[in-house]
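Just the one chain here, the form predicted on its own, laid out as structure tokens.
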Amino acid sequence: MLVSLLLVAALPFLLFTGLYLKSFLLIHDYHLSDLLFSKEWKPASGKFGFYPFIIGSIWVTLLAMVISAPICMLTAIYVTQYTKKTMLRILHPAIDILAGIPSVVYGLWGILVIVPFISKYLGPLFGVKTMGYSILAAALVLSIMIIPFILNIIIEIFKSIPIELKEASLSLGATQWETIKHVLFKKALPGIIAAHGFGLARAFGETMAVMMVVGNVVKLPHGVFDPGYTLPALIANNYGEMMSIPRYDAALMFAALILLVVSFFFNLIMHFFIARYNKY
């Protein structure tokens, strides 16, 4: 058991060390600020600017969270507080099915449905001419992918709240909605923060589905209808054929290192907020 514990605890450090050593050639030759904030990506000319990929990943992730977060919260409140348990028993298999669908299937669905919808209807509605492959298409597909992940956690959090808290609030004259807003939501807040934090980290690293609909154009997006390029898509599109070029290979390893560090900080910030909330 101790060996298993040490192995699990060591895995993040082993991942970080391996990626750092593989990307050391790039880190040694270039200043870190040039790599993170340069807009030029021309590997043949020795220019490795990751800024467009970082911004593309942030755009897609945050927009996906803006879409999915209220849906998850409202659904979880409705099925745990307003409906009969039969509805929850029906909903759980649907959530599990959504969670188990391979990401490539979501990507194909995005190409067949979301991309044409944006190019033919949504873009013209806002006076924008677009092919449909865009930040918005990737965010819509990604939001659907992370809904079951976040929703399952929030439902379990609400189910774990002692029924006595709800009954005490109702017995004092509070309405159902007042009880949810002032008692249950306050009790569940640390878990809700954690659920969205883990969902954020999960969304930031999603690869295949996003890569298929985001456009994969190396430029800074200026709106949700613009194409973009994410860090995971950069690795997936180029790694196999670029392994023989040392500096290019190091650049892709550095992209993976950025993803690992960002995911670590997402989780660290969520744990900080939870600990700070629980203190008070």
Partner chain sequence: MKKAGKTEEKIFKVLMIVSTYFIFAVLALIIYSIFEKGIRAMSWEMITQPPSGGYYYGKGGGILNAILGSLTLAIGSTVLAFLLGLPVALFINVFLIRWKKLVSFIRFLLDLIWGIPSIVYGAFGFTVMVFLGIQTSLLAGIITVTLFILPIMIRSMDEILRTVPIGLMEASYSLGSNKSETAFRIFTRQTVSGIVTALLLSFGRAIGDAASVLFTAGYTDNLPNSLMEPVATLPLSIFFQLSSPVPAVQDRAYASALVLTLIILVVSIFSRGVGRRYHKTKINF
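What we label the rigid core is the largest C-alpha set whose atoms superpose within 1.5 Å from one form to the other. Remember, it's a predicted structure, so these values are computed and weren't measured experimentally. Residue numbers count along the first chain shown, from 1.
The protein also exists as the form predicted together with its partner chain; that form is not presented, and the subsequent description refers to it.
**Q** Given that its partner chain is not shown alongside this chain, does P93 nevertheless sit within 4.5 Å of it in the model of the complex, heavy atom to heavy atom?
**A** P93: contacts its partner chain in the model of the complex.
**Q** Quick one: does F126 come within 4.5 Å of its partner chain in the model of the complex, counting heavy atoms only?
**A** F126: no, not in contact with its partner chain in the model of the complex.
**Q** Is there any non-hydrogen atom of T130 lying within 4.5 Å of its partner chain in the model of the complex?
**A** No, T130 stays farther than 4.5 Å from its partner chain in the model of the complex.
**Q** Counting only non-hydrogen atoms and a 4.5 angstroms cut-off, does L63 reach its partner chain in the model of the complex?
**A** Because no heavy atom of L63 falls inside 4.5 Å of its partner chain in the model of the complex, the answer is no.
**Q** Going by heavy atom distances of 4.5 angstroms or less, which of V115, L200, L122, I147 would be at the interface with its partner chain in the model of the complex?
**A** After the contact test, the surviving option is I147.
**Q** May I ask you to choose, among I235, L35, V224, A251, the residue with a heavy atom within 4.5 Å of its partner chain in the model of the complex?
**A** Exactly one listed residue reaches within 4.5 Å, namely I235.
**Q** Would all three of V217, L220 and P246 be in contact with its partner chain in the model of the complex, where contact means some heavy atom lies within 4.5 Å?
**A** Checked in the model of the complex: no contact with its partner chain for any of the three.
**Q** Listed by sequence position, which residues of 38-69 have a non-hydrogen atom within 4.5 angstroms of its partner chain in the model of the complex?
**A** Sequence-ordered list is empty.
**Q** If the two forms are fitted on the core, does I269 show a Cα displacement reaching 2 angstroms between this form and the one not shown?
**A** Yes, I269 moves 2 Å or more.
**Q** Under a superposition restricted to the rigid core, does L14 display a Cα displacement of 2 angstroms or more between this form and the one not shown?
**A** Yes, shifts by 2 Å or more.
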